[in-house]
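Two forms, one chain: they're shown below as structure tokens, one block per form, named structure 1 and structure 2.
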Structure 1
Amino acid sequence: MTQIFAYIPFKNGAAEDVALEFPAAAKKIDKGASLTAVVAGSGADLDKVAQEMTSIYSEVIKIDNALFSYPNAEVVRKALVNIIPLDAVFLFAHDTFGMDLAPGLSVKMDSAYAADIVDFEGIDGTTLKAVRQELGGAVSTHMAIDISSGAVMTVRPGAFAPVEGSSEGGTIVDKSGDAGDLSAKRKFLEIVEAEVGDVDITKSDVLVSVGRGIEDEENIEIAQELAEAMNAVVSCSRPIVDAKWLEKSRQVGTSGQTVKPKVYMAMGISGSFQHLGGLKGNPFIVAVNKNPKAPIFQVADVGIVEDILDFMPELTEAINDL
């Protein structure tokens, strides 16, 4: 029987959605596997999450330490190495905390490592088959992972179907005393909140969103004109903010804003999961991209293979003529 552990990320006493997705991932690894949730934190927030997890997981390992009031990956890692069996299959979310902690943990546990898994296809002997994506989602791959000495893996948030809130009636096991030496060479200082911009893209029902396909700062105006015609607001993907062509508050995605528009016009955006991670509420997605193989066409409702620099002005004109 495979022993699977899942690290539950939480904020302000509430578990992230991925907590409901690990059980589906674990089933796809091995139907008969045992699954244990691991929660590390401190005080009332931790207790609340641990309790909540007993309705989903049959066993919940709780690690309480004042040092975890903000989870510093390096410190948490030290505790995990002492508490989790080294040959376990250990799941994390592929989020900014999982990315920070999991690769190093796999070294310390001497386990196989695989990141950002979107699907599992079961175990054959000691070989686990997993599905990942490469090149920004342009291609998928099957991975064979040797789990004979354990595996640390991150799974993509949203990739596995969440379980319905059941009532497992699981037990909480307090392992706080086993954390061991937690001295570290990295110290958490503070969180600096993202700046608020002039425009709140989360309030708009229609977004005209531009990606690297806009090619040049001057061309942003073309999108602005389309947005005006549609009574919409211009948002963008990350490279546009990196290039400083638009302000950060216009960025849609996991490291930007989460938006829930009715209609999302993805103009020259390839459709990376970090971008799509900011798009919630099942909007009607229109994708215009000159590459017929762009991954965005797999998630869009309507796809158009055109050059946005030609297409947007024509669409603007047609709408203005209505």
Structure 2
Amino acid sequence: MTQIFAYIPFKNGAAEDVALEFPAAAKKIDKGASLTAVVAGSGADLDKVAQEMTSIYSEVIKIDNALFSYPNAEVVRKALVNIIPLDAVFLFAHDTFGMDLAPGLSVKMDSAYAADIVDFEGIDGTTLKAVRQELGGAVSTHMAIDISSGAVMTVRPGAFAPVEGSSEGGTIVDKSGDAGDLSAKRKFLEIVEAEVGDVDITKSDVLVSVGRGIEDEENIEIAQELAEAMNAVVSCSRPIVDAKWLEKSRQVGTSGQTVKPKVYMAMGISGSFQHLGGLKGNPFIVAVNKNPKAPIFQVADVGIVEDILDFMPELTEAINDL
């Protein structure tokens, strides 16, 4: 039986959505696997998240230390090496913190490392078959990972279906005393929050988001007209900000804002993992793109192959005629 651990990221006492996705990933690895959540933090927020995870995981390892109050992968890595079996399979979210923590942990554990996994195809002996995407999602790469000495992997948030919590309570195991020496060369300075512009896209239930398919700055007005018809807000992908067609506060993605809309209209957006990393809360995604092979169609609830410059005006007119 494969022993799998999942590191649970959280903020302000609330676990990230990927915490609900790790169990589905673990089942794709090995249906009979033993899955344990690991939560590192400090104080009441840590206790709240650890308790919440008992409705999802049968065992939750809690590591409480004031040094975990701030994001420092070097410190967390030291603790994990002392607490987690070195031959275990360890899952992390493929986010900025996971990408910082996981590679060095694999070196310390002397185990295999694989990043940005979007699917698992099971185990054959000590070989784990996994899938990741290349070239912005245009190509899928199938990998064979030797997990005989363990493995550290980051999985893409949103790639696996979230599970529902149960009423059965799991067990919390406090391993704070086993963390060992947590001295570090890094020093936490501060968290710089993203700027909030004239519109806060994180508060909107419906977003009309535009990408390269908008083609020209003047066409942003077409998206704005659709957003007004839908009582929505216009957001965008990074190329639009880089072109200075919209302000940074409108950008959705790992280098922009994290949003949790109920409906996400992806207009002319290819769907890179950096962009999708800013989408949380399992929104209903409508994707319109003239490229039928655009990666966004792999996650969309509704996919339409069409030029957005033709589609958006027609949709706006149809809504206004209701």
Ligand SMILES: Cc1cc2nc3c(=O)[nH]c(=O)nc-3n(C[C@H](O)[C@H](O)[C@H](O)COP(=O)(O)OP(=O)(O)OC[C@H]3O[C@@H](n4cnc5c(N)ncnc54)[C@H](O)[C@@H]3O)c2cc1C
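Quick caveat: nothing in here was measured; it's all calculated off a predicted structure. Residue 1 is the first residue of structure 1, and the numbers go on in sequence order from there. Rigid core here is just the name for the largest C-alpha set that superposes within 1.5 Å across the two forms.
S.K.: Where's the form predicted alone, in 1 or in 2?
M.R.: It is the second structure that is the form predicted alone.
S.K.: Please state whether residue 293 has a C-alpha shift of 2 Å or more between structures 1 and 2, with the rigid core used for the fit.
M.R.: Passes the 2 Å threshold, so yes.
S.K.: Taking 2 Å as the cut-off, check whether the CA of residue 267 shifts that much or more between structures 1 and 2 after a rigid core fit.
M.R.: Yes, residue 267 moves 2 Å or more.
S.K.: Residue 8: CA shift of at least 2 Å between structures 1 and 2 after core fit?
M.R.: Stays below the 2 Å threshold, so no.
S.K.: What is the Cα shift of residue 237 between structures 1 and 2 once the core is superposed, in angstrom?
M.R.: On core superposition, this C-alpha lies 3.2 Å from its counterpart.
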